[in-house]
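Presented below, as structure tokens, is a lone chain in the form predicted alone.
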Amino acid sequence: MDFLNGLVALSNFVLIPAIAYGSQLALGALGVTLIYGILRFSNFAHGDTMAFGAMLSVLVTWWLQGMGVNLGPLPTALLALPLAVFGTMVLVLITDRMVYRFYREQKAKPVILVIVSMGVMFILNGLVRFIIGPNDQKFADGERFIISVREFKQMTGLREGLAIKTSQGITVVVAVLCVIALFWFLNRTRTGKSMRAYSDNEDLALLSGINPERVVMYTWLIVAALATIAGTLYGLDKSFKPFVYFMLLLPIFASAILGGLGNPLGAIAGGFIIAFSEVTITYAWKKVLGYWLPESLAPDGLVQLLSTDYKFAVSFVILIAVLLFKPTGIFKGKSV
């Protein structure tokens, strides 16, 4: 019984949160890796693109709630997502037309595009905070839990209760659907194959008659959709605060680089590795070990390697280690 209680506690505080967080990071890292693989630069504005998309979701959700429209037990934000995705697509296409396209035509070095993307990042960061404010915005509604601690305890008779939030369940389901749709698009459609060909060998793709501007446009559209979905899911699971998305850029880039920049499968694997690393290292293991160890060996302290305030430090250390020892990442993407 103690083993089961320990397992439930581990699931409640480590496994389920890490799976949900990993799904959010994986979607974010997919956007970063697509830009790097196809447009050949690291897009530092990606975190704030996520913030912009999530902000549109929040605003549309409030508008729908004001009209009395909802999805019952599910968050109204799911209804708002298509409009938010469309708005973010318009934003990134305008940004590309007004900013990135000029440097592409000049055949600017990737480092120039990185600096330009940092400028776009600061502009987007300021724009989002100007529109919605810098504070936390909660926009989740509907049923809060798929299963609550009390219900789980009544069902099982265990001392520890398991709680699965609706936002966590939705995150995993939506992330799986997005990944399936993306891989189907890249592997089965003519446009997706053109994007892969352009990523593998730009000169050969151009000789084959592939239109580079069309590839660029579709890349930005996909990245906008992934960024909006990832940002909204993160906001539903935690809460929406513009500056948090700027900080999320570190674990997202760590996920993409760890998996292998330019490799979509690597981005997904990297997202989950980073998420589990952050959660396990910042979790206080006292409760779980108290169940699993003999009473004489049960720890007195929290058994917490790092405070949760330093969770992004875990991503930073992993990122540095990968850049030093295996810059192509696990799945041998393009080296940084």
Partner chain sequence: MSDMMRKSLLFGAMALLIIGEGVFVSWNSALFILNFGLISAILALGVNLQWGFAGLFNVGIMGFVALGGLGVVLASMPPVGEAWSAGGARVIAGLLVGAASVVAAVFTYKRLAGRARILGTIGVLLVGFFVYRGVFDPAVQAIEAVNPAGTGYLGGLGLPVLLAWPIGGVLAAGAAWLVGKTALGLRSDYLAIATLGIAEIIIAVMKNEDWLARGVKNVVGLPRPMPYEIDLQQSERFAGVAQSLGIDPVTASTLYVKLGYSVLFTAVLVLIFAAAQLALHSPWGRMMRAIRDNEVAAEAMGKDVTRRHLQIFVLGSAVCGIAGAMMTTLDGQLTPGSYQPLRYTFLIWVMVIVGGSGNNLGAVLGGFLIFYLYTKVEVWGPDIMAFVTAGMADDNALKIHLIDSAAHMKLLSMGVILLLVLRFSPRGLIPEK
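Here the structure is a predicted model, which means the values were calculated and not measured. Numbering follows the first chain given and starts at 1.
Although it is not shown, the form predicted in complex with the partner chain is what the next lines describe.
*Asks:* Even though the partner chain is not shown here, does it sit in the predicted bound form so that Met98, Leu319 and Leu324 each have a heavy atom within 4.5 Å?
*Replies:* The answer is yes: all three residues contact the partner (heavy atom, 4.5 Å cut-off).
*Asks:* Can any non-hydrogen atom of Thr282 be found within 4.5 angstroms of the partner chain in the predicted bound form?
*Replies:* Output for Thr282 is no: heavy atoms all beyond 4.5 Å of the partner chain.
*Asks:* Hey, in the predicted bound form, does Arg129 get a heavy atom within 4.5 angstroms of the partner chain?
*Replies:* Yes, contact at 4.5 Å.
*Asks:* Might Trp63 be said to contact the partner chain in the predicted bound form, defining contact as any heavy atom within 4.5 Å?
*Replies:* Result no; Trp63 lies far from the partner chain in the predicted bound form.
*Asks:* Quick check on Glu295: any heavy atom within 4.5 Å of the partner chain in the predicted bound form?
*Replies:* Contact check for Glu295: no, nothing within 4.5 Å of the partner chain in the predicted bound form.
*Asks:* Heavy atoms within 4.5 Å of the partner chain in the predicted bound form: which stretch in 22-30, 307-315, 263-271, 285-293 meets that?
*Replies:* Looking at the other structure, the answer is 307-315.
*Asks:* Since exactly one of Tyr198, Phe253, Phe139, Trp220 fits, which has a heavy atom within 4.5 Å of the partner chain in the predicted bound form?
*Replies:* In short, Phe253.
*Asks:* Looking at Val90, Met247, Val173, Leu207, which is the one with a non-hydrogen atom within 4.5 Å of the partner chain in the predicted bound form?
*Replies:* Going through each option in turn, the one that passes is Met247.
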